[in-house]
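In C-alpha coordinates, one chain follows: the form predicted alone.
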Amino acid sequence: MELRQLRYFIKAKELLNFTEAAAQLFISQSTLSQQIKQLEDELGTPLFNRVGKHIYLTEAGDLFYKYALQCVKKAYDGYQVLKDLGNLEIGNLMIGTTYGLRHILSPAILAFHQQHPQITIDVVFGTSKELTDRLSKFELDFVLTFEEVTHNQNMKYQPLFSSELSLIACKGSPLAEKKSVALQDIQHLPLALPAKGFSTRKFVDEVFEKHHLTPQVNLETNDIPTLLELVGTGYWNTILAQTTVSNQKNLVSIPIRSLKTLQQAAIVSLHDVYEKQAVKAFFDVLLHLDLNELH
(Lines give C-alpha, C1' and ligand atoms only; values in the text may rest on other atoms or scores of the structure.)
Protein backbone atom coordinates (compact mmCIF):
# COMPACT_ATOMS: atom_id res chain seq x y z
CA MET A 1 0.00 0.00 0.00
CA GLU A 2 1.50 3.29 -1.09
CA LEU A 3 0.67 6.82 -0.09
CA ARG A 4 -0.05 7.90 -3.65
CA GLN A 5 -2.61 5.07 -4.01
CA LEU A 6 -4.44 6.42 -0.97
CA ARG A 7 -4.43 9.92 -2.44
CA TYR A 8 -5.78 8.59 -5.72
CA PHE A 9 -8.54 6.66 -3.91
CA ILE A 10 -9.56 9.71 -1.86
CA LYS A 11 -9.82 11.93 -4.93
CA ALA A 12 -11.82 9.30 -6.85
CA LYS A 13 -14.17 8.84 -3.91
CA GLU A 14 -14.75 12.57 -3.57
CA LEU A 15 -15.50 13.06 -7.28
CA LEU A 16 -16.92 9.58 -8.09
CA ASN A 17 -15.41 10.03 -11.53
CA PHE A 18 -12.09 8.51 -12.60
CA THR A 19 -11.65 10.94 -15.51
CA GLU A 20 -12.09 14.07 -13.39
CA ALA A 21 -10.02 12.63 -10.55
CA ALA A 22 -7.15 11.80 -12.91
CA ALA A 23 -7.25 15.31 -14.38
CA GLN A 24 -7.05 16.95 -10.97
CA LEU A 25 -4.19 14.63 -10.01
CA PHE A 26 -2.35 15.38 -13.29
CA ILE A 27 -2.13 11.70 -14.24
CA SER A 28 -3.75 9.60 -16.93
CA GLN A 29 -7.03 7.83 -16.28
CA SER A 30 -5.42 4.48 -17.00
CA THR A 31 -2.76 5.14 -14.33
CA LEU A 32 -5.43 6.06 -11.80
CA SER A 33 -7.50 2.96 -12.61
CA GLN A 34 -4.43 0.73 -12.40
CA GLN A 35 -3.27 2.09 -9.03
CA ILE A 36 -6.72 1.80 -7.46
CA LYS A 37 -7.04 -1.76 -8.80
CA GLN A 38 -3.68 -2.63 -7.18
CA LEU A 39 -4.93 -1.13 -3.89
CA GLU A 40 -8.12 -3.19 -4.07
CA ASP A 41 -6.14 -6.35 -4.82
CA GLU A 42 -3.91 -5.73 -1.79
CA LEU A 43 -6.94 -5.09 0.44
CA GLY A 44 -8.72 -8.12 -0.97
CA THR A 45 -11.99 -6.29 -1.63
CA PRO A 46 -13.36 -3.80 -4.21
CA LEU A 47 -13.59 -0.18 -3.12
CA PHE A 48 -15.73 0.88 -6.08
CA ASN A 49 -18.56 -0.70 -8.05
CA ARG A 50 -18.00 0.05 -11.72
CA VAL A 51 -21.16 0.32 -13.80
CA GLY A 52 -20.40 1.41 -17.31
CA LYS A 53 -18.70 4.79 -17.11
CA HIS A 54 -20.01 5.37 -13.60
CA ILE A 55 -18.42 4.37 -10.28
CA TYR A 56 -20.06 3.93 -6.90
CA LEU A 57 -18.42 3.48 -3.51
CA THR A 58 -18.80 0.02 -1.97
CA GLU A 59 -19.44 -0.51 1.74
CA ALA A 60 -15.76 -1.44 2.10
CA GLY A 61 -14.78 1.75 0.26
CA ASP A 62 -16.95 3.83 2.56
CA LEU A 63 -15.39 2.28 5.66
CA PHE A 64 -11.86 2.56 4.27
CA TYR A 65 -12.20 6.23 3.29
CA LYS A 66 -11.83 7.72 6.80
CA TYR A 67 -8.74 5.61 7.49
CA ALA A 68 -7.20 6.62 4.16
CA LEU A 69 -7.84 10.26 5.06
CA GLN A 70 -6.21 9.82 8.46
CA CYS A 71 -3.18 8.14 6.93
CA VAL A 72 -2.66 10.86 4.33
CA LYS A 73 -3.17 13.56 6.96
CA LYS A 74 -0.66 11.95 9.33
CA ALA A 75 1.89 11.76 6.53
CA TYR A 76 1.29 15.42 5.74
CA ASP A 77 1.60 16.34 9.42
CA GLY A 78 4.87 14.42 9.58
CA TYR A 79 6.15 16.33 6.56
CA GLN A 80 5.24 19.61 8.20
CA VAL A 81 6.97 18.61 11.44
CA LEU A 82 10.16 17.75 9.58
CA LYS A 83 9.91 20.97 7.61
CA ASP A 84 9.53 22.93 10.85
CA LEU A 85 12.47 21.08 12.37
CA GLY A 86 14.57 22.05 9.39
CA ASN A 87 13.55 25.66 9.90
CA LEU A 88 14.11 25.42 13.66
CA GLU A 89 10.49 26.36 14.33
CA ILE A 90 9.81 23.46 16.70
CA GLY A 91 11.74 20.63 18.32
CA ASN A 92 13.70 19.89 21.45
CA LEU A 93 17.27 19.43 22.64
CA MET A 94 18.46 17.01 25.30
CA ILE A 95 21.79 18.25 26.66
CA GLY A 96 24.00 16.50 29.19
CA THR A 97 26.67 18.48 31.02
CA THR A 98 29.11 18.21 33.87
CA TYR A 99 28.91 20.90 36.54
CA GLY A 100 32.30 22.35 35.59
CA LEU A 101 30.90 23.56 32.27
CA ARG A 102 27.74 25.25 33.53
CA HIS A 103 29.41 28.65 33.08
CA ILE A 104 29.44 28.23 29.28
CA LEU A 105 26.13 26.36 29.04
CA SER A 106 24.02 29.14 30.57
CA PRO A 107 25.07 31.91 28.14
CA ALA A 108 24.88 29.44 25.25
CA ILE A 109 21.29 28.55 26.15
CA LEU A 110 20.38 32.23 26.41
CA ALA A 111 21.92 33.05 23.02
CA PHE A 112 20.29 30.01 21.38
CA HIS A 113 16.88 30.79 22.89
CA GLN A 114 17.02 34.35 21.57
CA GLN A 115 17.57 32.97 18.07
CA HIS A 116 15.22 29.95 18.26
CA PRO A 117 12.61 30.57 20.99
CA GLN A 118 10.35 27.69 19.86
CA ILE A 119 12.94 24.98 20.62
CA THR A 120 12.53 23.39 24.06
CA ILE A 121 15.69 22.48 25.98
CA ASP A 122 16.21 19.83 28.67
CA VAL A 123 19.48 19.91 30.62
CA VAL A 124 20.79 16.94 32.61
CA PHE A 125 23.76 17.23 35.01
CA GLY A 126 25.87 14.20 35.84
CA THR A 127 29.29 12.61 35.78
CA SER A 128 31.08 12.14 32.48
CA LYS A 129 30.44 8.40 32.62
CA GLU A 130 26.73 8.78 33.41
CA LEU A 131 26.26 11.26 30.60
CA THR A 132 28.20 9.38 27.93
CA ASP A 133 26.31 6.19 28.87
CA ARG A 134 23.02 8.04 28.28
CA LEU A 135 24.39 9.48 25.06
CA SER A 136 25.20 5.99 23.75
CA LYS A 137 21.57 5.00 24.45
CA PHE A 138 20.32 7.98 22.40
CA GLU A 139 18.84 9.59 25.54
CA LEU A 140 20.87 12.77 24.97
CA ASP A 141 21.66 14.73 21.82
CA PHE A 142 25.14 15.66 23.03
CA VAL A 143 27.26 16.05 26.16
CA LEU A 144 29.46 18.87 27.45
CA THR A 145 32.26 17.47 29.55
CA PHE A 146 35.96 17.45 30.19
CA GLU A 147 37.31 14.96 27.72
CA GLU A 148 38.01 11.45 28.94
CA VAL A 149 41.60 10.24 28.79
CA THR A 150 40.58 7.35 26.52
CA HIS A 151 38.36 8.21 23.59
CA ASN A 152 35.36 6.09 22.71
CA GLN A 153 35.61 5.32 19.00
CA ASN A 154 31.82 5.58 18.63
CA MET A 155 31.86 9.19 19.80
CA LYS A 156 33.23 12.35 18.29
CA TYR A 157 34.82 15.19 20.23
CA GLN A 158 34.78 18.87 19.34
CA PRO A 159 37.25 20.77 21.56
CA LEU A 160 36.09 23.96 23.26
CA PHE A 161 38.92 25.10 25.53
CA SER A 162 41.51 23.87 28.01
CA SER A 163 41.19 24.47 31.74
CA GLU A 164 43.88 24.12 34.34
CA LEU A 165 43.32 21.83 37.30
CA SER A 166 43.81 23.87 40.45
CA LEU A 167 43.63 23.52 44.20
CA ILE A 168 40.38 25.13 45.33
CA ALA A 169 40.32 26.64 48.81
CA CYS A 170 38.18 28.95 50.92
CA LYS A 171 39.02 32.62 50.46
CA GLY A 172 39.72 32.96 54.18
CA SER A 173 42.19 30.06 54.19
CA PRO A 174 45.96 30.70 54.61
CA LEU A 175 46.32 28.88 51.27
CA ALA A 176 44.49 31.73 49.53
CA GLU A 177 47.63 33.89 49.83
CA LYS A 178 49.78 31.40 47.93
CA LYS A 179 50.55 32.01 44.27
CA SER A 180 51.00 28.28 43.67
CA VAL A 181 51.21 24.99 45.56
CA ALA A 182 53.18 21.77 45.09
CA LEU A 183 51.45 18.43 44.62
CA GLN A 184 53.52 17.03 47.47
CA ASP A 185 52.03 19.62 49.83
CA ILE A 186 48.47 18.89 48.69
CA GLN A 187 48.69 15.27 49.87
CA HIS A 188 48.76 16.52 53.48
CA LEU A 189 45.68 18.74 53.13
CA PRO A 190 42.14 17.60 54.02
CA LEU A 191 40.51 17.01 50.65
CA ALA A 192 36.92 16.75 49.50
CA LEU A 193 36.82 15.35 45.96
CA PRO A 194 34.23 14.53 43.32
CA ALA A 195 33.05 10.94 43.48
CA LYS A 196 34.55 8.31 41.20
CA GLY A 197 32.94 8.56 37.78
CA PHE A 198 33.78 12.22 37.30
CA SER A 199 36.50 12.72 34.71
CA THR A 200 38.26 15.17 37.06
CA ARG A 201 38.44 12.56 39.83
CA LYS A 202 39.87 10.00 37.41
CA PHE A 203 42.51 12.47 36.32
CA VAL A 204 43.41 13.48 39.91
CA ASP A 205 43.73 9.85 41.05
CA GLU A 206 46.04 9.08 38.13
CA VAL A 207 48.23 12.11 38.85
CA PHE A 208 48.73 11.19 42.52
CA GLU A 209 49.39 7.55 41.66
CA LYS A 210 51.90 8.52 39.01
CA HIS A 211 53.85 10.55 41.60
CA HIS A 212 53.52 7.84 44.26
CA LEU A 213 51.58 10.14 46.57
CA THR A 214 48.64 9.30 48.82
CA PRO A 215 46.22 12.20 49.26
CA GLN A 216 44.13 12.67 52.40
CA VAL A 217 40.65 12.25 50.90
CA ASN A 218 38.12 12.21 53.73
CA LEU A 219 35.01 13.35 51.85
CA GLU A 220 33.54 12.44 48.46
CA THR A 221 30.31 13.52 46.79
CA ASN A 222 28.67 13.29 43.38
CA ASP A 223 27.11 16.74 43.82
CA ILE A 224 29.53 19.49 42.87
CA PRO A 225 27.50 22.41 44.33
CA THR A 226 27.53 20.61 47.70
CA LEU A 227 31.26 19.98 47.33
CA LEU A 228 31.92 23.68 46.73
CA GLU A 229 29.69 24.65 49.63
CA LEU A 230 31.69 22.40 51.96
CA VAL A 231 35.00 23.76 50.70
CA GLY A 232 33.62 27.22 51.40
CA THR A 233 33.44 26.35 55.11
CA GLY A 234 37.23 26.23 55.24
CA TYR A 235 37.40 22.66 56.58
CA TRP A 236 38.25 21.06 53.24
CA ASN A 237 40.01 21.81 49.98
CA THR A 238 39.40 20.26 46.58
CA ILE A 239 40.94 19.87 43.14
CA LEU A 240 38.83 20.92 40.18
CA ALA A 241 39.13 22.63 36.82
CA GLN A 242 39.69 26.33 37.43
CA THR A 243 36.57 27.18 35.42
CA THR A 244 34.38 25.31 37.89
CA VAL A 245 34.78 28.13 40.43
CA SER A 246 34.92 31.06 38.03
CA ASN A 247 31.80 32.60 39.60
CA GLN A 248 32.39 31.53 43.22
CA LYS A 249 33.27 34.69 45.17
CA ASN A 250 34.13 32.86 48.41
CA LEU A 251 36.58 30.45 46.78
CA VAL A 252 40.01 30.83 45.20
CA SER A 253 41.85 28.64 42.70
CA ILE A 254 45.57 28.08 43.28
CA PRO A 255 47.78 26.73 40.45
CA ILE A 256 49.55 23.43 41.09
CA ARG A 257 53.26 23.71 40.32
CA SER A 258 55.28 21.57 37.93
CA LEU A 259 52.37 19.65 36.48
CA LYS A 260 50.69 19.70 33.12
CA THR A 261 47.22 19.58 34.63
CA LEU A 262 45.19 20.83 31.71
CA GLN A 263 41.83 19.30 30.93
CA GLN A 264 40.18 19.64 27.54
CA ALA A 265 36.55 20.71 27.57
CA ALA A 266 34.67 19.22 24.63
CA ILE A 267 31.32 18.67 22.95
CA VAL A 268 30.77 14.92 22.77
CA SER A 269 28.29 13.42 20.31
CA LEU A 270 27.78 10.12 18.51
CA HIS A 271 29.42 9.19 15.23
CA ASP A 272 27.19 8.24 12.28
CA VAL A 273 23.99 9.59 13.85
CA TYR A 274 21.74 12.14 12.13
CA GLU A 275 22.45 15.56 13.61
CA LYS A 276 19.30 17.61 14.09
CA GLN A 277 19.28 21.18 12.80
CA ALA A 278 18.78 22.39 16.37
CA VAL A 279 21.89 20.49 17.48
CA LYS A 280 23.97 22.04 14.70
CA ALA A 281 22.66 25.49 15.61
CA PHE A 282 23.52 24.99 19.30
CA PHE A 283 27.02 23.78 18.39
CA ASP A 284 27.49 26.94 16.35
CA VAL A 285 26.49 29.06 19.36
CA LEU A 286 28.89 27.18 21.65
CA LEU A 287 31.80 27.40 19.25
CA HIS A 288 31.36 31.17 18.85
CA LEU A 289 31.10 32.08 22.52
CA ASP A 290 33.67 34.56 23.78
CA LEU A 291 35.21 32.17 26.29
CA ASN A 292 37.70 34.75 27.54
CA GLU A 293 34.83 36.73 29.04
CA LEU A 294 33.43 33.64 30.74
CA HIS A 295 36.59 32.37 32.44
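Numbers for residues come from their place in the sequence shown, where the first is 1. Between two forms, the rigid core is defined as the largest C-alpha subset superposing within 1.5 Å. What you see is a predicted model; the values in this text were computed from it and never measured.
There is also a form predicted together with another copy of the chain; it is not shown, and the following applies to it.
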| property | result |
| --- | --- |
| Joint contact, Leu47, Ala60 and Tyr79 to another copy of the chain in the predicted bound form, by non-hydrogen atom at 4.5 Å | yes |
| Segment that reaches another copy of the chain in the predicted bound form - one of 227-235, 62-70, 241-249, 22-30, heavy atoms within 4.5 Å | 62-70 |
| Heavy atom within 4.5 Å of another copy of the chain in the predicted bound form - the one residue of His113, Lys210, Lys83, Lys196 that qualifies | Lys83 |
| 4.5 Å heavy atom contact, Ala75 to another copy of the chain in the predicted bound form | yes |
| 4.5 angstroms heavy atom contact with another copy of the chain in the predicted bound form for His288 | no |
| Interface residues of 98-123 toward another copy of the chain, as seen in the predicted bound form [heavy atoms, 4.5 Å] | none |
| Yes/no, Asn250 Cα shift of 2 Å or more between the shown form and the other one with rigid core fixed | no |
| Core-aligned C-alpha movement of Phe9 between the shown form and the other one reaching 2 Å | yes |
